[in-house]
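This document opens with one chain alone, in structure tokens, the form predicted alone.
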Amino acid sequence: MPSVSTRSSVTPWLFLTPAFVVIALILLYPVFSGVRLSFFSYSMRDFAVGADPTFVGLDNFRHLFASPHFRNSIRVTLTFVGSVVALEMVVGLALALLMEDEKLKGLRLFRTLFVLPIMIAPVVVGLVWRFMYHPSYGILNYFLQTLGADPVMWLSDPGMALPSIIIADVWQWTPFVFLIVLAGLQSVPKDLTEAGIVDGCSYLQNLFHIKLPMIGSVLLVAAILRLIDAFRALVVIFVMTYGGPGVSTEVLSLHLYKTAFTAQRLGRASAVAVILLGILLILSATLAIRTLRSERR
């Protein structure tokens, strides 16, 4: 008979096995199927008539990297993701530092108001900001005209469309970072910050040498979660610009959608998905490794 120690080490894995099976069926199998399909030529027409995919090797990837349209979508995606994650982390941290004091009056009301944008559906967010950016009836141009300025073509100007979408994303998802960072700040032991004050530390010294190092892992989690979600951004951009004007706001996820459902090239769309997954894994791993090394030092 197996020993008690053996049974105790095996029992947790037996309870976890059903969860692993479910994850493998729901998550891993579609990933492997998408990777496999990226090496085949397959279209909606082939799917409709029941034709088998045609193996083409790396041709889908060669076509993508030779396409200026695809390279532009990578550039737009990296610009969008880098901008929104950086702005949301900075603004979210600043708001959390302003509201970490539990003695502030109206703190619960402010927190509730900050959470509201997260609860709004992305389709609604896209429509609301599209109306706000309207060149004739939008509230932003209305205020500009009251100040004597000319109206701005927020979503029609290729130079303004992407910054306008970045503003909408920052508005919606900064509260997410704010809540995570605020929880991390409130978990910092008060005796550490009070000891720093007694030793003569200024507010900035207390912040950079005590608070931020203590919540480094929290900041890492918030950054990775926003990084992953920003790469998947689709609905708001779809509603606001559909990648336009031209392809100035066409991120990789929207390029994937158009390749799959407009051009109806499922194999090539799977190749886009594989590249998107690879970029995301590399950036997330790099961010995690650098943060862990800095915490060890």
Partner chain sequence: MGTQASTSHEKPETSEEARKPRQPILKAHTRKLVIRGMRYAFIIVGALVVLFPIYLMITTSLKPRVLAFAIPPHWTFIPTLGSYQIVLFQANFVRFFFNSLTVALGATLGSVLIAALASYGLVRFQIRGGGVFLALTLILKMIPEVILLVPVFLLWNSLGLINTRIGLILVYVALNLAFNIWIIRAFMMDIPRELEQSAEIDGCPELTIFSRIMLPLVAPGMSVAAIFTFRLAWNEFVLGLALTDRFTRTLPVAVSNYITDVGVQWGPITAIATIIAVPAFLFTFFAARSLISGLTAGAVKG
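Here the structure is a predicted model, which is why all the values come from computation and not from measurement. Residue numbers count along the first chain shown, from 1.
Absent from the display: the form predicted in complex with the partner chain. The rest refers to it.
Chemist: 149, 78, 86, 139: which sits within 4.5 Å of the partner chain in the predicted complex by any heavy atom?
Modeler: Partner contact (heavy atom, 4.5 Å) among the options: 139.
Chemist: Would residue 120 count as touching the partner chain in the predicted complex under a 4.5 Å heavy atom rule?
Modeler: The answer is yes: residue 120 has a heavy atom within 4.5 Å of the partner chain.
Chemist: Can you tell me whether residue 230 touches the partner chain? I mean in the predicted complex, with a 4.5 angstroms heavy atom cut-off.
Modeler: Residue-level check for residue 230: no, no contact with the partner chain.
Chemist: Does residue 105 make contact with the partner chain in the predicted complex, using a 4.5 Å heavy atom cut-off?
Modeler: Yes.
Chemist: Find out whether any non-hydrogen atom of residue 74 is located within 4.5 angstroms of the partner chain in the predicted complex, and reply yes or no.
Modeler: No, residue 74 stays farther than 4.5 Å from the partner chain in the predicted complex.
Chemist: Taking the partner chain as it sits in the predicted complex, which residues of 22-44 have a non-hydrogen atom within 4.5 Å of it? Please list them.
Modeler: In sequence order, 22, 23, 25, 26, 27, 28, 29, 30, 31, 33, 34, 37, 42, 44 come within 4.5 Å of the partner.
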